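Here's a solo chain for you in structure tokens, the form predicted alone.
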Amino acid sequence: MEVEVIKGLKFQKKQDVAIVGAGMTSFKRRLNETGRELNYYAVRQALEEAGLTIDDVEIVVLGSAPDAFDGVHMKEEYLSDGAGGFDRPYMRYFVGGGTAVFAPIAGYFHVASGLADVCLVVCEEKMSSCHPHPQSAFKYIWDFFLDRPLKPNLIWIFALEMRRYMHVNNVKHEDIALVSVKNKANALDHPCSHVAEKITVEDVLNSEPMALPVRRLDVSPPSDGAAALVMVAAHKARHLTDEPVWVTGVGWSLDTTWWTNRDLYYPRYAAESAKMAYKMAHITDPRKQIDVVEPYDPFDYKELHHLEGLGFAKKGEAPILTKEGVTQRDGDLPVCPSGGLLGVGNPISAAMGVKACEIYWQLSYRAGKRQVAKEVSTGLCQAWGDLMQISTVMIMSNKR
């Protein structure tokens, strides 16, 4: 590690950070395993892919959503042994759904700063433990005076956002449904998928209404699962692989919780987080410089919404990309080649498996049947959480 001296003070210079291994469990209702066991399965796979053992890990970063899902207070302690957190520095991060990318951002911080040369990032979610439904975990997040008298739930608040997006941009539900058709079909090639299937636009439009315009096939299912990444300093990466995937940019943004004070047709939080990551990665034209994208897609409209916020399409024009096949796995800009949350499943923070892990696998050409048709060198993953509020972005490249 190089050391820089400024006015008598010593500072370690920033290290380049590479990802050298990833792992994930299948996403489904897993009543037979605890969250600790799910962590272990994902960690074992990631370490094997990296050619390391748990003894090589210096720091562990855990990402996991509300304690209510597991029904255990301070569940980072409960999950620590399965995540490899015993007898080494260990910390938990939680920023709602945004954890799926913020946890690897935190791992990047630890390695880039020189605090560790090998960091293990683990994300877990055991949603089936929450009864009567995982939605009940969010029962008490609402503002007492503005929100709670309305007796809201997340589905109908997101239905308001979807309706506003459709209205302002004159987007038809049929065009949005194409995203669900695409992602569920992509997930047929993912060994960990929860709800992969061949469906049609008509299937989406005729599925059970949740809170109109949102219907059942517009929404990703709650799932159980875990995912892991191994992040290392450059000098370690050279000994582990000839083809590391480098983290070149990170960004995050937190908008106001007052969703009533924002025009919901455009995700300003996504635009701000992307701006930060693009500056760090020297991206000036994402549509031309980024080859594969995994935006957060818990609803089909959110893939379109986020593509616009991330700068891959002008406002209201992301549906055109889907309709013209640009976002297909063999298209010019493959989007959610994993199958995304809509097809693989949505275990909140463990969605890292179909966001950060998937981009790593695509750039290292380890995605198997999911590998996109075009040659890829740069990819972006993004996650979203809370009340249309937070966005986290990571950019990776297989070229240093």
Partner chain sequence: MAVGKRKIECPLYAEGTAVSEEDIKTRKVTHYEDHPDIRYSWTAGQAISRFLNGLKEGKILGVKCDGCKRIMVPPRMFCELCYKPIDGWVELKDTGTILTYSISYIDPDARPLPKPIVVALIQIDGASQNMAIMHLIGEIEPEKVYVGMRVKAVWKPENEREGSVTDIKYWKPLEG
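So that the term is clear: the rigid core is the largest set of C-alpha atoms that superpose within 1.5 Å between two forms. Residue numbers count along the first chain shown, from 1. As the structure is a computational prediction, the values presented were derived from the model and not from experiment.
Below, we refer to the form predicted in complex with the partner chain, which is not included among the displayed structures.
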query	finding
Selected contact from Val326, Leu146, Leu188, Ile199, since only one has a non-hydrogen atom within 4.5 angstroms of the partner chain in the model of the complex	Leu146
Contact residue in the model of the complex, chosen from Lys279, Lys151, Lys172, His235 - any heavy atom within 4.5 Å of the partner chain	Lys151
Segment assignment from 199-207, 312-320, 282-290, 236-244: heavy atom within 4.5 Å of the partner chain in the model of the complex	236-244
Proximity of Met24 to the partner chain in the model of the complex, heavy atoms at 4.5 Å	yes
Exercise: Glu49 in contact with the partner chain in the model of the complex, heavy atom 4.5 Å	yes
Non-hydrogen atom contact Glu33 with the partner chain in the model of the complex at 4.5 angstroms	yes
Close approach of Asp263 to the partner chain in the model of the complex, 4.5 Å, heavy atom	yes
Sequence-ordered residues of 382-399 touching the partner chain in the model of the complex, heavy atom within 4.5 Å	none
Core-aligned C-alpha movement of Arg29 between the shown form and the other one, 2 Å or more	yes
